[in-house]
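One chain comes next, on its own, written out as structure tokens in the form predicted alone.
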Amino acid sequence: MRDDRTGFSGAGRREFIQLAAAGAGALWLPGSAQAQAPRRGGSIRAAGYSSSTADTVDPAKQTLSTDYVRCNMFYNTLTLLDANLAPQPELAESIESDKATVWTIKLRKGITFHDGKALTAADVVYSLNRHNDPKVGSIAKPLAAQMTEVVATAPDTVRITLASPNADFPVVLGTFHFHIIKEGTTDFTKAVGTGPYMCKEFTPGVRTVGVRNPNYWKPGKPYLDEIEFFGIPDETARVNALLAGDIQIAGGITPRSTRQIKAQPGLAIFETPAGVYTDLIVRLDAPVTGNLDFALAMKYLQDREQMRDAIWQGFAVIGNDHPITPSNRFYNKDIPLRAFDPDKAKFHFQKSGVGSSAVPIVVSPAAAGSAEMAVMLQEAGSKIGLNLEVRRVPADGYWANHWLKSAVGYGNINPRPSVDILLSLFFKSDAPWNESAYKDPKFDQLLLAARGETDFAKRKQMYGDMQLMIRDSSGMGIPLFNSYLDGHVSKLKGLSPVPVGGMMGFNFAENVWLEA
């Protein structure tokens, strides 16, 4: 549905310094440990799944996954999300906070931009403040708005003051749009950053070429000499390019293409379990069906295992009708998984008073897998007296004309940078995308309290309580979290899952190498 990115398990200084003390070798492999030593040299061609003349190397204006890949090649952020969506130090050497409101960032020493200029606090101040300049038109302005003051207190130190406490602010600093650029940069015809590759060519809508930065500050990285990156929007063409050997990695593969790729020797599928979900929506403010019993009946009719195996061919993990994935550090594993239970579904359906009248359920290719999921619900519902009428509408105009408007339908949500952002966007009473019209003042109060809670255990408990509230009291059914899938040549090594997106959280470039 949308291209998006970002937790620090605590807001205080002590834990962050412990992370930094782990050593450079431990910090820059976001996923599992590598089985073999990386090899330096060689070049690859990589294809993403979007491309347009609006392609950019301006961090503030990134909108698509291909922008994220491109900017990650050339820039760094202050923090970097790991496989558990916890931020690790990148350009920041340490971060400390005063009551999660005033944040002090000390930068690593010895880092230079591609043109040889040393990284200083002035570059960070400029990079962050420009998001709040209306003339820039930053996509990240809603996130940046919480920063009321960003100032340099020393050549290597930045102080950021927030409008209100946010214990997960280091997560925000790790989002794609907050890449650090040189102070005063206004020309983005090329990129000049501190990242693993130097920009040799950037032609919007055509291609990007990066060559290895010989002075990169992460020891030994990057491994490749050159990467050519471009977009192939059509999946069939993208898969064919991989099969023909024209590219070495193809992003955005659908489950239906995996067998074709795996059947060819020398090719493989890279899976990233992530927070993407196609969700059943029962609007609680709708007439007839807008009651919790009907919503619960629909949730109990979801055969999650069958949906995973038949629709997603196993490339998904079971969900529990709330939006937090099992891999997230705030996931509440103590909530029992809701099982397929026609008897409980029948009990709640009869209590709902909906009766035998046809209930339209709106589906579209825009919400991946929604038609197949609805047909399964329709079949299961017929056995308890529920008459579901599957209404198929085109992808074009779906989000404007049907999403948030249909009494019963589907959404399709990409991962969000943090639990707070996810819950604030989709479940807070006044949230702009409150899909099921879920309103609970207690939930809203708990969400605000969790945002400012600096004790990790307490914040985890708060988020755990909110997961249970969503599961049992909202109109949302979230049966599965779908995986990102990429195809690649087997000789391409170093890939490990980072659940902010496919292609290793769109940051594969500095981590991969070619086997001899």
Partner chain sequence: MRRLSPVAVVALLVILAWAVAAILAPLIAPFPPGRIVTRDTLADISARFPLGSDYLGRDMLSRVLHGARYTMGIALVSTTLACLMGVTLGLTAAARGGWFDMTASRILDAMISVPSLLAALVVVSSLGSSIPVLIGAAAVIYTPGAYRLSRAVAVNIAAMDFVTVARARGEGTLYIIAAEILPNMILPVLTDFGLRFVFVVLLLTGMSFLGLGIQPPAADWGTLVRENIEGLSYGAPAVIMPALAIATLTISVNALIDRIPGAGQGDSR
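Everything numeric in this text was worked out from a predicted model, so none of it was measured. Positions refer to the first chain, counted from 1.
This next part talks about the form predicted in complex with its partner chain, which is not shown.
Stretch 387 to 395 is the answer when you ask which of 117 to 125, 290 to 298, 387 to 395, 155 to 163 has residues with heavy atoms within 4.5 Å of its partner chain in the predicted complex. Though its partner chain is absent from this view, in the predicted complex it lies within 4.5 Å of a heavy atom of just one residue from I421, L143, A83, M376, which is M376. Only one of A268, A310, V151, I335 lies close to its partner chain in the predicted complex, with a heavy atom inside 4.5 Å, and it is A310. Residue contact with its partner chain in the predicted complex: K442 places no heavy atom within 4.5 Å of it.
Using a 4.5 Å cutoff between non-hydrogen atoms, K99 does not count as a contact of its partner chain in the predicted complex.
Shown alone here, K109 lies farther than 4.5 Å from its partner chain in the predicted complex, counting heavy atoms only. Using a 4.5 angstroms limit between non-hydrogen atoms, T185 is distant from its partner chain in the predicted complex. Residues of 243 to 279 lying near its partner chain in the predicted complex, listed in sequence order, are R256, R259, Q260, the criterion being any heavy atom within 4.5 Å.
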